[in-house]
Ligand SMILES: C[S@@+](CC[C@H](N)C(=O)[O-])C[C@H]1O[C@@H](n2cnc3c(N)ncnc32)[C@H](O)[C@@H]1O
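The form predicted on its own is given below as one chain in structure tokens.
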Amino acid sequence: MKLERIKHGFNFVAPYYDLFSYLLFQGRLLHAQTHYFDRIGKVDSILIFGGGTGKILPPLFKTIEFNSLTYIDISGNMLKKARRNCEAYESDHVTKIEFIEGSTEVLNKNQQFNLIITPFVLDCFSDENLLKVITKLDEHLEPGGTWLFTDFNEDQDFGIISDMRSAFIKSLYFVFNLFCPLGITKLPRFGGAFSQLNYSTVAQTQMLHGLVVGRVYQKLASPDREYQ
């Protein structure tokens, strides 16, 4: 089964993931993930979907006040590292966090969150599957809630920087497909998918010469909006 092979692949790369990321990006990916944390302040409930090894947790603890946090990742080995990163931070936050192995199917039907964070995970999906995933996640974000999105970026501009960016992203997909058979070789159209769900872009910034984009999306509060 393809999903099991992907899960096995992420379990395999988990021990090396942070080192690989640091060697390539010198901590800039973590900076991108946490760029908009200071806009949040205090919320009741948070969902981190695809949080990986949990490097995102200590900066979150320092910046955002919360009562509960649900942390989901497909890889059990990634979750083990996330728990260790959490426990190494001297606070009582670990008692507020539920670590769950799986994907969107593990969410309780009526579970609602004030804030959803997707840090470099939605690039693992094709356009078709991306829309399915964010539509499912959207069901669990309360009206008026915030979605912090961070991922790689391949805007259709021109020039040598754009060409280099596209080549680099293709090389990343090549390497990841060796271990985790995602079956895709290009970024999905993130903006188009969120537009179909009528999200408003509150803030946006590009980093690493446009290679990475961070966005703050807000869910429209209208109760009668239709999903497309």
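In this text, residue numbers run from 1 along the sequence as written. Bear in mind that the values here come from a model prediction, so they are computed numbers and not experimental data.
In what follows, reference is made to the form predicted together with this ligand, a form of this protein that is not presented.
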### Output flag, 3, 49 and 120 jointly within 4.5 Å of this ligand in the predicted bound form, heavy atom basis
yes
### Query
Based on heavy atom distances of at most 4.5 Å to this ligand in the predicted bound form, which listed stretch, 107-115, 120-128, 80-88, 138-146, is the contact stretch?
120-128
### Message
If we define contact as a non-hydrogen atom of the residue within 4.5 angstroms of the partner, is residue 12 a contact of this ligand in the predicted bound form?
### Response
no
### Message
I'd like to know if residue 74 sits close to this ligand in the predicted bound form, meaning any non-hydrogen atom pair within 4.5 angstroms.
### Response
yes
### Query
With the cut-off set at 4.5 Å between non-hydrogen atoms, does residue 25 touch this ligand in the predicted bound form?
no
### Query
Do residue 37 and this ligand come within 4.5 Å of each other in the predicted bound form, heavy atoms counted?
no
### Query
What residues, if any, in 163-195 have a non-hydrogen atom within 4.5 angstroms of this ligand in the predicted bound form?
176
